[in-house]
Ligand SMILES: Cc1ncc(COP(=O)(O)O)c(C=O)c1O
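Coming up is one lone chain in structure tokens, specifically the form predicted alone.
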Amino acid sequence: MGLTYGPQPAWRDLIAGFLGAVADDRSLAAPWTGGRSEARWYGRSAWALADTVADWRRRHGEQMPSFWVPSYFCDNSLQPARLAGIDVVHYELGEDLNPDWPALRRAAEQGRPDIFILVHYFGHPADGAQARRFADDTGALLVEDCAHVLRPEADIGAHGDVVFFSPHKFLPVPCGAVMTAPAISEAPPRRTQSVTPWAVKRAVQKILPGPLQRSRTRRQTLAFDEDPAVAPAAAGGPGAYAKRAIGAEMRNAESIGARRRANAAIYRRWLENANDAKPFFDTSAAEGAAPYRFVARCPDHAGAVKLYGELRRKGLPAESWPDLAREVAAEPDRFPLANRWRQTLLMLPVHQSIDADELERLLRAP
């Protein structure tokens, strides 16, 4: 089987998801809450953001919050919140992927945030303690976006008033995101997402021989600067199949992290020995216990386009950042880092379904 964007279920797991008991939501959320907070389940974390806005409005007389989000943020994830009518305020980051704290303090003198989003990018821990101080000083609700993190680790998830994770990004499951907080009101009722399209697609991917899978990757290549057509985040929550699969997969969380670290190390060795591009993070430890993607930093836009094309022609599904917000893309002088990263960073798959020998072979291929 060729390399895919996300992890693939084993045949036995694909079938087992239809069988057996389903854990209750609180028990299913234990790897993310440790039993110390409440949890609410979603299909995608974009809807957790939208519900965070809705919960805030119910507590503040339906007024609209000032909603602060990093400049380097997928715009599609903001669509459910935008539909609620909020105005998004983007703030710039520093080279270390942390907020530009001095700039934030100056901006807060002109108008304080009501909801402040801190993102832990690619499994790398952001400065949660500093974010907590900023939120306390400004009276903001602190939301920790841990969508790039498999489970709480290294202080990640320890500071937010609201924290959410996206296990569907790490596990071979059709959907699943979890919001945690000390107290969460009853969730609005949502339909469950159908598992059939996902299961059929995974079965086809498993059947396709490696050469055909790589040929498919080459045919479906977008230009490096082109954003994929993205449908609005599905509003449904995880059904019985997804919940069974999430519970079963999380029993292997340690081995999932180990496989991801090992695959990231393959890319790191390859870049150090054979390319002008460099790892975005100086050390493998900075990528976290379970890297979301391996991030390569190219010297310029032309180098990123060239390397992207080379990897896609090998059949390796390299990606660029999917979609900067239109406000950010339109103001490169105001948001220089976000726009530079969009033009120079590559994201490479490291998931646990990747065969290390196949990955080594593809990277060595002419």
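Residue indices: 1-based, along the sequence shown. Being a predicted model, the structure only gives us computed values, none of them experimental.
Beyond what is shown, the protein has a form predicted together with this ligand; the following relates to that form.
Which of these stretches, 336 to 344, 38 to 46, 58 to 66, 22 to 30, has heavy atoms within 4.5 Å of this ligand in the model of the complex? Comparing against this ligand in the model of the complex, the contact stretch is 38 to 46.
I need to confirm a contact call. Of 267, 281, 241, 73, which residue comes within 4.5 Å of this ligand in the model of the complex, counting heavy atoms only? When this ligand is considered in the model of the complex, the option within 4.5 Å is 73.
Going by heavy atom distances of 4.5 angstroms or less, which of 119, 141, 108, 289 would be at the interface with this ligand in the model of the complex? Result of the distance check: 119.
Flag residue 261 as yes or no: does it have a non-hydrogen atom within 4.5 angstroms of any non-hydrogen atom of this ligand in the model of the complex? Answer no; every heavy atom of residue 261 is more than 4.5 Å from this ligand in the model of the complex.
Might residue 180 be said to contact this ligand in the model of the complex, defining contact as any heavy atom within 4.5 Å? No, residue 180 is distant from the partner.
Going by a heavy atom distance of 4.5 Å, is residue 150 a contact of this ligand in the model of the complex? Taking the distances in the model of the complex, the answer for residue 150 is no, it never comes within 4.5 Å of this ligand.
May I ask you to check whether residue 132 falls inside a 4.5 Å heavy atom distance of this ligand in the model of the complex? Contact with this ligand, no.
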